[in-house]
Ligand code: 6PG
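There is one chain below, alone, in structure tokens, taken in the form predicted on its own.
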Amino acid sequence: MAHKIATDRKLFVFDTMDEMDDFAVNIWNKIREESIAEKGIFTIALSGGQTPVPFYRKLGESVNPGLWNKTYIFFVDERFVSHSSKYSNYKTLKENLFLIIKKSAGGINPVPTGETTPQKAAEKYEKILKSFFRLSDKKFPEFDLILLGMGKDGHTASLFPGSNSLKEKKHLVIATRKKGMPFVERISLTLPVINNSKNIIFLVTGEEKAKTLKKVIENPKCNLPSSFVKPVNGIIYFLVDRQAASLFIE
């Protein structure tokens, strides 16, 4: 079921995760085809967490391996842990996507968590982005697609409520912290980078996120991080299950 909520925001509600993941794969394929036809490559930034895992597995199994050679993969955020840690977003993507496609992507660009501090990791990742996208000063990369999740507290990427990271307008990548959470030190893309993407997909599931999703969708004055995701010239697809949409969809 589709609900258009603004000219650049589209909400789709699904009865099952399988239906939602199938739809996400279709969007992915459409954007990939358009991007490669236009400029020869497809650039994406992916999120970790458990919600997108079934989507990643379905994506890896359904997309022809030969179509990955022009796909360049980056990360929305990462915990400051080893890539072999069970808490690493890279490890999650490796086990549920990269191994399935047999590392045939045109380029996989993980956050360099081997640096001595999260700040140095953020600085190095920013240099990687600037080099790949050939950016001049004060310019932001334009991803073809960014995949995001939404926490119960309204955070997205590693941008948390009340954090100074939400005010960052200069840097592409920053080190962030969240008190009270395991592995509080993280590295994240900033809002200007996210909002410069051509397409954004939010995957949101679970009744525990229903109140938050309702605020983000319906309240123009909402100050939760997810509500600050407003592409300059792009489209947001909210793909949600019926539980997450239970407070505003009959």
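Everything numeric here is computed off the predicted structure, so don't read it as measured data. Each residue number is its position in the shown sequence, starting from 1.
There is another form of the same protein, the form predicted in complex with 6-phosphogluconic acid (6PG); it is not shown, and what comes next is about it.
Only one listed stretch (23 to 31, 41 to 49, 216 to 224, 66 to 74) carries heavy atoms within 4.5 Å of 6-phosphogluconic acid (6PG) in the model of the complex, and that stretch is 41 to 49.
With a 4.5 Å cutoff on heavy atoms, Met150 counts as touching 6-phosphogluconic acid (6PG) in the model of the complex.
Mapping the unseen interface onto this chain, Ile146 falls outside it, with no heavy atom inside 4.5 Å of 6-phosphogluconic acid (6PG) in the model of the complex.
By the criterion of a heavy atom within 4.5 Å, Val111 is excluded from the residues contacting 6-phosphogluconic acid (6PG) in the model of the complex. Put simply, Thr176 is far from 6-phosphogluconic acid (6PG) in the model of the complex: not one heavy atom of it is within 4.5 Å. With contact defined as any non-hydrogen atom lying within 4.5 angstroms of 6-phosphogluconic acid (6PG) in the model of the complex, Lys209 is the only contacting residue in 207 to 232.
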